[in-house]
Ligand SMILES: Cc1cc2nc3c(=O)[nH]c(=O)nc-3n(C[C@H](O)[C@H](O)[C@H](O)COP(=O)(O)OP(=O)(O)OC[C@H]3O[C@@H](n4cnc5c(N)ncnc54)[C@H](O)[C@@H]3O)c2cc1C
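We begin with a single chain expressed as C-alpha cells, specifically the form predicted on its own.
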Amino acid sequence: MPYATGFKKLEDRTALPHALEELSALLGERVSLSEEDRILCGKDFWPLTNVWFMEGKIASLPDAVVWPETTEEVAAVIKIAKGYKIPVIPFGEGSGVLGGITAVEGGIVIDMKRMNRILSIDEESLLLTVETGINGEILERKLNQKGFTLRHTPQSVRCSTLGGWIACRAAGQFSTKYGKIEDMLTAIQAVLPDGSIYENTVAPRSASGPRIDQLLLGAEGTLGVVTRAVLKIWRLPEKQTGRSFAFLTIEDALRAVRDILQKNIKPAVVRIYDAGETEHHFKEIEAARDKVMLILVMEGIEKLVAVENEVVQSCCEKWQGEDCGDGPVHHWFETRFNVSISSHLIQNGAVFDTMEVAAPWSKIAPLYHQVIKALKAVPGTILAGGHFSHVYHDGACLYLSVVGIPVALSKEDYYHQIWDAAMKTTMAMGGTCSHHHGIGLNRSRFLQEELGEAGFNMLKAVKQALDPEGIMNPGKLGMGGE
C-alpha cells in the first residue's frame, strides 16, 4: 500500500536482519513480518488515518510485530532494539484516536495482548494485580464474577487494554465516583528504554520522593512499557438509581451539576448533552425537546444512594431542571457503546472526529460556546456539538463532536483546521487541550504551547535521560520523528 505521509522509515536498515534474527531466537514463532500483522498493529482509530485507509493509503508500517508473554521477554526485546537503535512501539488493541501507535520511523511493535493474566486479588485491601495486555471488558467481567468491579468503563472498553488506558491517562464513564485510571493506579511494573525493570512499592500513599511511576502514566510508550499494574477495585454496588433532567440552557445544567459536586455528592455517572446531542440521543423524550439533557447514575449502599438522590433532586430543581425519569438513563445504558455513526459518516465522504478538553467551572460554559463557534466557522463544517462527560469539584470535561463535508478544502486540510480551531480556542480560554485521549501524533503540535517552554524542556530532558537513542515510540508527545 502507498504511504499517505512523509514519515521516514528506519534509516539504517542494515541492522534490521540481525535484530530480527535475535528476536526469532528469543520468541520463535511469536515474531511476524507479514504485511497483514504490520498493518493491523501499525494504525489505530485516528480518523485521519481512516480517511487515508479509505483511499487505499497508510500512514506508515512497522518492520515487525512481536508477542512477548513475560516482563522479562519485553525487557529482552527492548535490549535487542536498543542495541541496534531500532524503534519500539507498544501496542494494546489500537483503539486510540490520535495516531499514538503510528510507526513514524518503522521499527518493532510489541503487541501486549498475550500478557493478559490476572495475577492476584487482595480481597482485604481491595487491590488487583494484573498484566497490562488484558482487554477491558474481559477484565471487568472476570472481576464481576468474583463480586468486584474496577468501574473503569471508557467507550472503548470492549476494544482497549489496561496498558492503553495507562498510556493515555484514560477516563471511564463512572469516573465521578471512582476516579480516572490515575486514581485507581497504586503501583506498576515497567520496562525502561535500557531494558531495566522498574517496580514501585504497593502502598496507599508514599512520600519517598517524586512519584517515578507517574512519569510513565500518560507517557504513551515514550519512556517505557508498562507490563503490570496494581489497581484499586470495589465490591459491586448494592443499589443503583438513574435520574434525568431537562434544562433550558447549558449554563443551568452546569450550575446544577456544580452544586451537586461541591456539596461533596459524587454520582457515578454525570453527563450533560447540549440541545443538538439531546435531539440525537433522546429525541423520543418530549420534555427534553430543544433542551439540554442531564443523565445521572447514583450507586453504592442503599442509604448513600438515597441521600445522593435527594441532593440531586434538590439541586436540579433549584436550576429549573424538569424531571424526565429513568427512561433516558436506561436508553443511555443500552446505546452508550454504539459509535457506528463515525464509520457511516467516513464511508459516505464526511470528515468526523471527537475532541475532549477540560476547564474550571468559571470557564467551561464560555469555552463551550466559543469552541462551537470556532468549529462552525471552518468552511465545510455542517455540525458541531458536545456533551460534558466527566465532572469534578472544580470543573468539567467537554467532549466535542464535529462533522464536515469540505468543498473548498481537502479533507486533510479541513481536518487540521478544525483541530487548530478547537485547540487554540481552548488554550486561549484557559482550558487544557486533552482530558483523556492523550496526545499521540495529532495533538503533538499543541503540547509545547500548553506545557510552556519550561515544562516542555523538562519533558524533553526526561526523555533524553531515559531514552538517549530515541527508540521508544518516536514522534509522540512532540518529541522526535517527523
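In this text, residue numbers run from 1 along the sequence as written. No experiment lies behind these values; they were computed from the predicted model shown.
This protein has a second form, the form predicted in complex with the ligand, left out of what is shown; the following refers to that one.
- Stretch 94-102 is the contacting one of 142-150, 78-86, 308-316, 94-102, since its residues have non-hydrogen atoms within 4.5 Å of the ligand in the predicted bound form.
- Shown alone here, Thr71 lies farther than 4.5 Å from the ligand in the predicted bound form, counting heavy atoms only.
- Though the partner is left out of this view, Val402 does not reach within 4.5 Å of the ligand in the predicted bound form, counting heavy atoms only.
- For Gly107, no non-hydrogen atom is located within 4.5 Å of the ligand in the predicted bound form, even though that partner is not displayed.
- When contacts are judged by a 4.5 Å heavy atom cut-off, Arg443 does not count as touching the ligand in the predicted bound form.
- The partner is absent here; in the predicted bound form, the one residue of Ala253, Ala396, Val270, Ala167 having a heavy atom within 4.5 Å of the ligand is Ala167.
- Checking Val357, Leu294, Val226, Leu375 against the ligand in the predicted bound form, a heavy atom within 4.5 Å turns up for just one residue: Val226.
- Residues from 132-164 that approach the ligand in the predicted bound form with a non-hydrogen atom closer than or equal to 4.5 Å are Thr132, Pro154, Gln155, Ser156, Cys159, Ser160, Thr161, Gly163, Gly164, in the order they occur in the chain.
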